[in-house]
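Only one chain is included here, represented as structure tokens and corresponding to the form predicted alone.
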């Protein structure tokens, strides 16, 4: 028996979301008095052994199959289900990302077990007590999860990644899951790299400057792009902007866009609707620039500048240039 963590990775490189899963999984495993195992799917997965070991993973399982060279949600779930049959874990824990929740939905269907998504707390036991985020972050639900095996995903950016006191080199065990054509019917066949803010990824940027309906037009994003460039950040936007066709959906921050956790999030001309705030609640600090004081002073924002973004942002950029930023 063990606790099993499913890790998202890119050719063995694991990011913040995966390390948060490992940190939580280690605490859950310690509370249950069980070892922590991890599973990675696809090419290069064995490279995740060293970083996984820093979080107390004792065994890393690497699923290898020609059908798993790209994202295939049902096939990944089938591979995890096969591993469950061998390990009999008490819990499988993963990231509450778009892909993580999709894979766990398939896993719940395959195993005929309940699945609790977007948890921020969970205590092991025959009946697990969980707290999870609902309705775009506007509601916290306390629930009980029954069953010998618990399927849980964690709300992104809700946990601090804390390496174990003593790192270890986990054993690496490879396996080839048995997959059918049905399992591989849905899979990624092409990847198109998208970058914003001069090559800075929206998901990983330390600074994000976003515009909403208050930008007025696609051209109205010029001062937003200028400020993001000076700060070495990425440009984001609200859903209203993508609906208007001013920016691509890849720039959207929110419940149906990218969920971010920058050091500072600068929201310009954005109303702060629940669906938008669900995407940026992981930010360390939020600065609002808005002409409406009732919007810009909501409890969701740490700081507010009451004014027109087309006047405020150029003034900020000018001061940054005076300070030597280019």
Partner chain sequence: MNILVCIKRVPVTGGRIVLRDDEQAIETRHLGFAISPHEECGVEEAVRLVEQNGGESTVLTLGPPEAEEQIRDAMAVGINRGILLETSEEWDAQATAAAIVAAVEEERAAGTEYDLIFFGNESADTGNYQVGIRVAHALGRPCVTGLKKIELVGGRARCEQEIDDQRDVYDVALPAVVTVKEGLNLPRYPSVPGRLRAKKKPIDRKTPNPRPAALERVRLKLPPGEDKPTEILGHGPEAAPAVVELLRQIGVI
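So that the term is clear: the rigid core is the largest set of C-alpha atoms that superpose within 1.5 Å between two forms. Positions refer to the first chain, counted from 1. Being a predicted model, the structure only gives us computed values, none of them experimental.
Another form exists, predicted in complex with its partner chain; not displayed. Remarks below refer to it.
Novice: Can you tell me whether residue 112 touches its partner chain? I mean in the model of the complex, with a 4.5 angstroms heavy atom cut-off.
Specialist: Heavy-atom contact with its partner chain at 4.5 Å: present for residue 112.
Novice: Should residue 164 be classed as touching its partner chain in the model of the complex when contacts are defined as heavy atoms within 4.5 Å?
Specialist: It does not: once its partner chain is placed as it appears in the model of the complex, residue 164 has no heavy atom within 4.5 Å of it.
Novice: Would residue 49 sit within 4.5 Å of its partner chain in the model of the complex, counting heavy atoms only?
Specialist: Because no heavy atom of residue 49 falls inside 4.5 Å of its partner chain in the model of the complex, the answer is no.
Novice: At the 4.5 Å heavy atom threshold, is residue 53 in contact with its partner chain in the model of the complex?
Specialist: No - in the model of the complex, heavy atoms of residue 53 and its partner chain never come within 4.5 Å of each other.
Novice: Taking 31, 69 and 217 together, does each of them reach its partner chain in the model of the complex with some heavy atom inside 4.5 Å?
Specialist: Answer is no for this spot.
Novice: Using a 4.5 Å heavy atom cut-off, indicate which stretch of 164-172, 83-91, 217-225, 249-257 touches its partner chain in the model of the complex.
Specialist: Stretch 249-257 is the one.
Novice: Taking only heavy atoms into account, state which residues of 303-326 are within 4.5 Å of its partner chain in the model of the complex, ordered by sequence.
Specialist: 303, 304, 305, 306, 307, 311, 312, 315, 316, 319, 320, 323, 325 sit within 4.5 Å of the partner.
Novice: With both forms fit on the core, has residue 310 moved 2 Å or more by CA between the shown form and the other one?
Specialist: The answer is yes; the displacement is at least 2 Å.
Novice: Any CA movement of 2 Å or more for residue 276 between the shown form and the other one, core superposed?
Specialist: Shift of 2 Å or more: yes.
Novice: Has the Cα of residue 229 moved 2 Å or more between the shown form and the other one, judged after a core fit?
Specialist: Comparing forms between the shown form and the other one, the residue 229 CA shifts at least 2 Å.
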